[in-house]
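In structure tokens, one chain follows: the form predicted on its own.
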Amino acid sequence: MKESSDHSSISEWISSIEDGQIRSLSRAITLLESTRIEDQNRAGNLLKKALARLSVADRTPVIRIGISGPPGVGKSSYIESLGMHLLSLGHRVCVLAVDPSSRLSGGSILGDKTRMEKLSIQPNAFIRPSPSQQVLGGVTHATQSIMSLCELAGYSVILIETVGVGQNEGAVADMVDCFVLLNQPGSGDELQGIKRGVLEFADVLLVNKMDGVTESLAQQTLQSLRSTSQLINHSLKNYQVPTLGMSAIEEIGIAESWEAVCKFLEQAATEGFLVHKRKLQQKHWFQKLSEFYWLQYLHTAKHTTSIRNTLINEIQSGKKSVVEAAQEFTRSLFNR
């Protein structure tokens, strides 16, 4: 009886998300983000129902955009300006803004809603700050699952803001249709530590802060970045990554940056590259969820506790090295 009741409540929950009830969507995201074992079965059932509903519905494909860049480059300011522009075009906009996590509580500590005041009060915009949970780039096991819920809720563009920038943070490129990389005016090193490996992920390159005292320096960075980007072969054949200057504060170049995204998506769709990217997104999602479920099992299965505690004691007493203990622990899991 309880299982039937839970099945019914989840179906009602899914329907309320589909009807655009923000509180239901927020509660569902909180459930998906939970690492508590007791929440995992319910989260899995909720997600399965949501995916089943999405698979039978005749929907316009949602555009998924990843936005990254070094700290201080103005990602939140750009996302707010872009979000307002998208609303003016008739889109419904979802922002998944990943905040650095507190090491103590695991919660987010910056709060992007306070940095996107105009966008956060718009009826057709939804901003969800999510803790990165100490994962590089902020891409957790739940990120793609959350995107599916936002798609079910009727948002037509999903913007994912990542933490920092680096080759590991490029993992977000595996789960979006277009990856936008923001750069800021440089000093001696015009690219501010942006490595070639990160540039190779980018589908659109932007230089922010083309205004005020930084405008001249931004122009220099723009030229340097254009020269560098020409040396990089994009995965989409015959596609040259556009490099544009913009100012999030002055709202200069925002429309042009969206046009660049649309041109990339149009070419990617025409040449079948977008279908290829969606398949890669499914593969990446499978890997992330599998890793999460495996780690959950590893640390909670009753038969692993005594083995793990024994090996930790042997490491601390000097009887075994960390390598020996880790190998023995792994073998014990597969030899059952």
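Throughout, we count residues from 1 along the sequence that is shown. What you are looking at is a predicted structure, and each value in this text was computed from that prediction instead of being measured.
Another form, the form predicted together with a small molecule, is not on view; read the next lines as being about it.
Trainee: Would you please decide whether G253 lies within 4.5 angstroms of the small molecule in the model of the complex, comparing each non-hydrogen atom pair?
Mentor: Taking the distances in the model of the complex, the answer for G253 is no, it never comes within 4.5 Å of the small molecule.
Trainee: Determine whether any heavy atom of P129 comes within 4.5 Å of a heavy atom of the small molecule in the model of the complex, and answer yes or no.
Mentor: No - in the model of the complex, heavy atoms of P129 and the small molecule never come within 4.5 Å of each other.
Trainee: Taking any heavy atom pair closer than or equal to 4.5 Å as contact, tell me whether H141 reaches the small molecule in the model of the complex.
Mentor: Judged by the heavy-atom cut-off of 4.5 Å, H141 is well away from the small molecule in the model of the complex.
Trainee: Should N183 be counted as a contact of the small molecule in the model of the complex, where contact means heavy atoms within 4.5 Å?
Mentor: Flag for N183 set to no.
Trainee: Note which of N124, S120, S77, S224 lies within 4.5 Å of the small molecule in the model of the complex, where distance is taken over heavy atoms; exactly one does.
Mentor: It is S77.
Trainee: Just to be sure I understand the contacts: of H234, R92, R115, H85, which is the one whose heavy atoms reach within 4.5 angstroms of the small molecule in the model of the complex?
Mentor: So the residue touching the small molecule in the model of the complex, by this definition, is R115.
Trainee: Only one of 261 to 269, 237 to 245, 142 to 150, 201 to 209 gets a heavy atom within 4.5 Å of the small molecule in the model of the complex; which is it?
Mentor: So the stretch in question is 201 to 209.
Trainee: Does each of P71, E161 and I249 have at least one heavy atom within 4.5 Å of the small molecule in the model of the complex?
Mentor: Looking in the model of the complex, the three residues P71, E161 and I249 all sit within 4.5 Å of the small molecule (heavy atoms).
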